[in-house]
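Quick heads-up: the structure tokens below are two forms of one chain, split into structure 1 and structure 2.
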Structure 1
């Protein structure tokens, strides 16, 4: 099934955009960092015009914001932004899980089971539960399984990449790893049994739990920063 995630880059501008987006999502360029066209052009060995285009596209998906007298900055990770993002995500991904239970065929459901087996092996000796984007991302697979083009377009825009920014930089660790994996497993079971109502409820609950985990880490970071300044 064709996806809305990026095709292989065919131009320098597209390649630079994808590299910058990944660097921001994974924290190589940290939240709230100021973006210098000159520095980025040197780092990525492209013209400032290419950087300007890439930054404009990143602003369009809300990973970058532009303010007067400051210029372009990476968005900050905050409790307020997290709350707004996850309110929308809970509603839309809950709907995606409901639709997936009604529309995914047997092969797609079996592929979901195999994906979880892959995840179980990858996190067995890990301290985090990190998922690459695209087909190896559980949530991406559920979204594609909804087969609702409007819903896919909504979630694959700024919501998907902003969500990944929080998940990658403040994602699951410790006891939450096992709980999150179990939650994924229960969602797939509900989809396999064509229980749309249960699939939606479980997905909403899973996203609520993830939000609580990220909130606690943001609060801990804020407390630590204030202690250093005291």
Structure 2
């Protein structure tokens, strides 16, 4: 998965930020967990100042909530927060698809088609191969095609991490394969035809479906844990 920071980190704070972000998103540090600066400083072998910088940045991308004089905590996952996240994502990625339809050049569109062909082969060869990476790659390409750095920073610097966090916690292998592929295909067609309106609409619908999938999984999980109590 390409990231905004493909360059190696320069400062210890940045390196620690990346490490912490990964630990949170992948679940080593679970949702709602309290973050202790002293503990983390020991774990990562840096001073507390470095941890504070890193945690401050994690707060900025909404993976962490900080309370003055109390400390920082990983955000808790909830249906409400998920809905809010996906409404934001829908708006931003809809706009990204719209812009992509207007600004992507022929070669970029070709690359996108080629990516789809590649994904189709992956689906046939192995249903577990390239599932989430394919989806992420697809969205990444559209986003780059938007040519809007602000949009890119918002989605890749923040939204996508939160999205991934839900997936990891729900043990989701990746997005729906066949239907998602169809949706990808239609989106690319709209972009290729420079139909910004349609591209946006299809992307937004695609995001809505993804949201529904995660919501039902989250509901099923909380129902299952309730059944355990009975």
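Positions refer to the first chain, counted from 1. Because the structure is predicted, anything quoted here is derived from the model rather than measured. Rigid core here is just the name for the largest C-alpha set that superposes within 1.5 Å across the two forms.
**Student:** Between 1 and 2, where do we have the form predicted together with the DNA?
**Tutor:** Looking at both copies of the chain, structure 2 is the one that matches the description.
**Student:** Does residue 195 move its CA by 2 angstroms or more between structure 1 and structure 2 when the core is aligned?
**Tutor:** No, the C-alpha moves less than 2 Å.
**Student:** Does the distance between the two CA positions of residue 23 reach 2 Å or more between structure 1 and structure 2, the core being superposed?
**Tutor:** Yes, the C-alpha position differs by at least 2 Å between structure 1 and structure 2.
**Student:** After a core superposition, would you say residue 186 shifts its C-alpha by at least 2 Å between structure 1 and structure 2?
**Tutor:** Where the cores coincide, residue 186 shows only a C-alpha shift between structure 1 and structure 2 that is less than 2 Å.
**Student:** Align on the rigid core first, then pass along the CA displacement of residue 164 between structure 1 and structure 2 in angstrom.
**Tutor:** Value for residue 164 between structure 1 and structure 2: 2.6 Å of C-alpha shift.
**Student:** Core superposed first, then measure: what is the displacement of the CA of residue 59 between structure 1 and structure 2, in Å?
**Tutor:** Displacement of the C-alpha, rigid core superposed: 5.0 Å.
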